[in-house]
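A lone chain, given as structure tokens: the form predicted on its own.
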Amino acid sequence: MEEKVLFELNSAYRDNMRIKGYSFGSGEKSACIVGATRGNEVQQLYICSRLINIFKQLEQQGKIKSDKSIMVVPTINNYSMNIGKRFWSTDNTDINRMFPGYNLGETTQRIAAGVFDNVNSYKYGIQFTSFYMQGDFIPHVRMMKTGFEDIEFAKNFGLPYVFRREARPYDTTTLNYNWQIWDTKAFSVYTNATDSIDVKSAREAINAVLSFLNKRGIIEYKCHEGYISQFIEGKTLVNVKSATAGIFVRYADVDARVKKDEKLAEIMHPYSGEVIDTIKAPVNGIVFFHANQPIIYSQTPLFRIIPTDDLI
């Protein structure tokens, strides 16, 4: 294992910020794995730390192919992580909206440029990231429709779903998008948690990465190959929003099979305890995402459902 400082930012009042990468093997730049880009992505940091430990053991056992190399970057925003703030601590900007970066620009642009210079030449790029809305997902691989995405490669992770959505203008400044533009096969992996550690879904994500690297001929690792992934388009999911604000009492979890008109949640008046809205499933389906904050506002997306023809 080789530890390398990918980017260093001088600080007048604290120790310098150092973004570190951990490299394993040698030869072709085969796979780069990036964890927390935001300060609350504790689950993503945890997954990368576990992978570093595993790759260290695989390297010692000679199970990383002789002409392949892997790099893991556990976090690129440890300053914000140290104070529990999601975005950059001084101006509240999102580093994952600054790629490919600009080394003469604002601080977060310079951080993104320093990181991207070190990760943009790998064959495969895997990012553990989080959604812009607070909530939980079924573990899945996510891609943007850029013309460079590869659905069949994404199925090598063995996660339940491969999810593709249309790219929006602001997506052009994300790490995933720029990886693809610069000829890296890029995949974003989502688990059940962000600012807490969910060991079960973390283990599933770690196994998925090891399965992918094994199938792509980068490591030798016998593991459970997971699911036969189902491909879904983002536009096919059914969104369920709140009609009013209040206390969110949820009854349906992710991966739950629900029937049309089944009760998913209730919205309670925060003072009287009266149920002011009952959230029902608009279709038969599987809960792909649900919000997890206790207080919600009107028109908040509460659930995303994969429609099915289930009659059971």
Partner chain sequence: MVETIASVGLPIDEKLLIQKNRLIPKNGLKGDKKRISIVTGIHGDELEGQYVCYELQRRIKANYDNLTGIVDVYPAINPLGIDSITRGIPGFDLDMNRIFPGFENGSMPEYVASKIIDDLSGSNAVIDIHASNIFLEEIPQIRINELSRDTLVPYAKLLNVDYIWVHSSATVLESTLAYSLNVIGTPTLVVEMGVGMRITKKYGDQLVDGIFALMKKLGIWNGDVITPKEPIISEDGEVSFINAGKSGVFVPAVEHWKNVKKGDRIGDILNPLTGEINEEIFSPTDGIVFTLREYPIVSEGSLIARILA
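Predicted model only: the values in this text are computed from it and were never measured. Numbering follows the first chain given and starts at 1.
Note that the form predicted in complex with its partner chain isn't included here; everything after this is about it.
Although the partner is absent from the chain shown here, none of G27, I64 and H224 has a heavy atom within 4.5 Å of its partner chain in the model of the complex. Within 4.5 Å of some heavy atom of its partner chain in the model of the complex lies at least one heavy atom of K241. Taking the partner from the other structure, its partner chain in the model of the complex has no heavy atom within 4.5 Å of any heavy atom of R216. Shown alone here, D198 lies farther than 4.5 Å from its partner chain in the model of the complex, counting heavy atoms only.
Using a 4.5 angstroms threshold between heavy atoms, M133 counts as touching its partner chain in the model of the complex. The stretch that touches its partner chain in the model of the complex, counting heavy atoms within 4.5 Å, is 101-109, out of 142-150, 208-216, 157-165, 101-109.
Shown without its partner, this chain lists Q230, N82, T90, S121 as candidates; in the model of the complex, only T90 has a non-hydrogen atom within 4.5 angstroms of its partner chain. Heavy atoms closer than or equal to 4.5 Å to its partner chain in the model of the complex belong, across 238-256, to the residues K241, A245, G246, ordered by sequence position.
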